[in-house]
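Single chain ahead, written as structure tokens, the form predicted alone.
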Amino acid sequence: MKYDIIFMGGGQAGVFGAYEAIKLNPKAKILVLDKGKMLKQRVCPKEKLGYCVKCPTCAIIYGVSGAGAFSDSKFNMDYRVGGDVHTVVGKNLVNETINYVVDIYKEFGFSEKPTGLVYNVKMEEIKKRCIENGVQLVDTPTMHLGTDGSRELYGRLLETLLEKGVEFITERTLENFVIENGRVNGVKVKYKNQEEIYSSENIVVAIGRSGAKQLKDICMEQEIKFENGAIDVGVRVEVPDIIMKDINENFYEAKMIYYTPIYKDKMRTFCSNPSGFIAAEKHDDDVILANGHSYKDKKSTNTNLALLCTKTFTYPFNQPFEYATSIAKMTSMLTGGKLMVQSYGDLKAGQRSTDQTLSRLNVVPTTDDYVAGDIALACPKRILDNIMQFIEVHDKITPGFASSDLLLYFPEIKFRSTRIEIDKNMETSVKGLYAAGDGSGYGSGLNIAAVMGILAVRSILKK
């Protein structure tokens, strides 16, 4: 069968793109392909066993509804957070489309009022301290679904898509695209070591951060224009809620950007989870990365968030993905395939953390997928220096942050080093092939992924 549109990847871009397609043209033949399983079949063994068993295809990362369905699911309502596709299509269009996605969220059951809409005295004090210490506070309204809430919302959305005839075919791994005379005609996937081809003249590739390396290889092989983008390398920190109380209660998540005084490198906070939990993600090639999430109902007594250093590289270096992966593999080698954790007090003292030193703290880790150690053995000095400088300036905004009760989980890496050349319609240098979401290099959040999927579909259906 030939489809009107194929989405290679069933994450935020694919699901919202499919919804837009069937809404604008109910008769359209839509197919969504994904490496993982359907949402209801995505079961992580750790939920029962209490530890990661390193599944061949990680249910937390892969599957219909994407990694967002197993994350904290925060939706930022502003173009400034979640990616930079506005550099291609303009700020106004991105914000208009974000508001459109918010209406869809509400249509499928999200009813809570976003945080950060109105400033109070405490928020003004926090912003003043940011200004005094050279930190940019990107104060955007934020909707928080929670890990449990997002699964409910996506579940209802998927039921609607299935009812309207959208097809989902899962456990298919992207091989490459069928391209003839500069135009795409289909996609090749692998299922149980067998090659399958699905035909369409309109394909939206949206395979997320986890597919960035593979997408780069395909672009090189099939001469799809791209450039090397940035990578984000850092730590996920965990600290008692009481330290983050003012930010949690007033902003829920305060997006902060800081340029370090020594190297002038960009640092930023990302994905804060009040009363949340640390999660270990298993990627291909035995790469284990730190992440975090929080629920609507289930709560811990800790807040976790990422502190990320953004790095771009200059000629002749052109392997940013491999660079970041080597850091993760080095850490995994030291820990036997788990995350590494170290208290900030031990890091400043130049000594490794042990289970004994961690037991003396006021903070209790919310995961068992770690080995206490010395982050300096695996993290490049420049990046580690930046992280420590950011922690110290964060302490001036949030007193107590730079204490021994700050746990650092290493590594947290956001792969977005493949930046595909796209036009204002999300179309690549190959006619009919569109790129959307985090894997495109222009997205790093739920909001921009959804926007890109929708804009691609609108362009396709205009034709």
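Each residue number is its position in the shown sequence, starting from 1. Nothing here was measured: the structure is a model prediction, and the numbers come from that model.
Here the subject shifts to the form predicted in complex with a small molecule, a form of this protein not shown in this document.
Checking 74, 282, 311, 268 for any heavy atom within 4.5 Å of the small molecule in the predicted bound form turns up a single hit: 74.
Within 4.5 Å of some heavy atom of the small molecule in the predicted bound form lies at least one heavy atom of residue 172. Residue 451 falls outside the set of residues with a heavy atom inside 4.5 Å of the small molecule in the predicted bound form. When contacts are judged by a 4.5 Å heavy atom cut-off, residue 216 does not count as touching the small molecule in the predicted bound form. Although the partner is absent here, residue 411 is not a contact residue: none of its heavy atoms lies within 4.5 angstroms of the small molecule in the predicted bound form. Residue heavy atoms within 4.5 Å of the small molecule in the predicted bound form occur in exactly one stretch of 324-332, 199-207, 362-370, 110-118, and that stretch is 199-207.
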